[in-house]
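There is one chain below, alone, in structure tokens, taken in the form predicted alone.
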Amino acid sequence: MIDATLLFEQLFNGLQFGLLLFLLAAGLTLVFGIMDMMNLAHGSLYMLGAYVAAQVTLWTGSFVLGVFLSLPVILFLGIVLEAGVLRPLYARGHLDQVLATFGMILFFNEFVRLVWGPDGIEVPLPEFLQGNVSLFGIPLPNYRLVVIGMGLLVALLIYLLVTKTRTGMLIRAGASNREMVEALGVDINRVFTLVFGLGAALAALAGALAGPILAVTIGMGEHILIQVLVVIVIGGIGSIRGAFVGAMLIGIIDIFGRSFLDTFFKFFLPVNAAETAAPAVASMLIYILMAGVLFFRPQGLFPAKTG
């Protein structure tokens, strides 16, 4: 039997991981949904945000300052990339965009290797973020609670921005009908720059928060980018609500699969076979879920026009 305490702890971990995925997916789904831009370099912005936050933390001794300074730095970098590199690619096909942004991944990985070296950075946490809080007698790490709180706060702010402001109205209109927005006299390039900068800042925030948990290393953005793309496909391209729901599903399913699948397999497989098969199947669960969603709802759970 699965212990109830362990089940709750893994649910907590799944929620925290899901919210990190949401921070990445929210920006990328807007970029893809509005700009029709396949930006594989989004994971590199996540990595750079983690490195900038880690470096500022080592310089100043303040992790909080590191997190918040990484946002404007990567926001500015995102704006420069959008205006100087990506804008000429809007009229090109997705293959050209994929090739160009894949090249940016290689560039940024080598840039990080030159600046910070190949070994990565360990991010020290301040004392007030260390330790645990007891909830129903179950110890929960303070830092993971902070990550969950930040993720939920950002999700609320993005929801208010997209649904309650004029800027959000332009973003939603651009996702639905870009040509009509341009016909109404809106500078679509400015909207694109705003969306890309917002996505870059969200990626930086995710990287900065993930640093103490997942380690700050070269190429840390590539693996999580695959999971983020799965989130976007499941939720619906261009949909913030879809990105949130998809991220929660992927986060919880991924953590539960890695934690409990071997126990489940042991009910009907030999111990050695269960321990061998469980990790392989666990790594496939999110793709199985994606395939199931695509079979029944090819447009995703909450496509942008309804999300």
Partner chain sequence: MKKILSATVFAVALLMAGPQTVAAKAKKIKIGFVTTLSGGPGVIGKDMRQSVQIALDHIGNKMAGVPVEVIFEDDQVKPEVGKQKTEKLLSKDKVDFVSGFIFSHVVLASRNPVVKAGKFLIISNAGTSKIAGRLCHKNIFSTSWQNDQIPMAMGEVLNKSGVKSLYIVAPNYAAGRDMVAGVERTFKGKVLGKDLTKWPTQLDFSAELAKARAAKPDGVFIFYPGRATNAFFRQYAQAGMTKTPLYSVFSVDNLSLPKLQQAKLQNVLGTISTHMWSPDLDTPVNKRFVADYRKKFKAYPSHYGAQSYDSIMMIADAVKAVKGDLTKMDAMRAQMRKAVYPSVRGKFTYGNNHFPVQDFYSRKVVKDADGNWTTQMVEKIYTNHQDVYAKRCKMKKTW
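All values reported here derive from a predicted model rather than from experimental measurement. Residue numbers count along the first chain shown, from 1.
Omitted from view is the form predicted together with the partner chain, to which the following refers.
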### Task
Determine whether any heavy atom of Asn132 comes within 4.5 Å of a heavy atom of the partner chain in the predicted bound form, and answer yes or no.
yes
### Message
Can you tell me if Arg258 lies within 4.5 angstroms of the partner chain in the predicted bound form, counting non-hydrogen atoms only?
### Response
yes
### Partner proximity in the predicted bound form: Pro139 to the partner chain, non-hydrogen atom cutoff 4.5 Å
yes
### Task
Decide whether Gly168 counts as a contact residue for the partner chain in the predicted bound form under a heavy atom distance cut-off of 4.5 Å.
no
### Query
Just one stretch in 152-160, 67-75, 185-193, 209-217 has heavy atoms within 4.5 Å of the partner chain in the predicted bound form, so which one is it?
209-217
### Query
Which residues, if any, of 111-133 lie within 4.5 Å of the partner chain in the predicted bound form when only heavy atoms count?
Arg113, Pro118, Asp119, Gly120, Ile121, Glu122, Val123, Pro124, Leu125, Gly131, Asn132
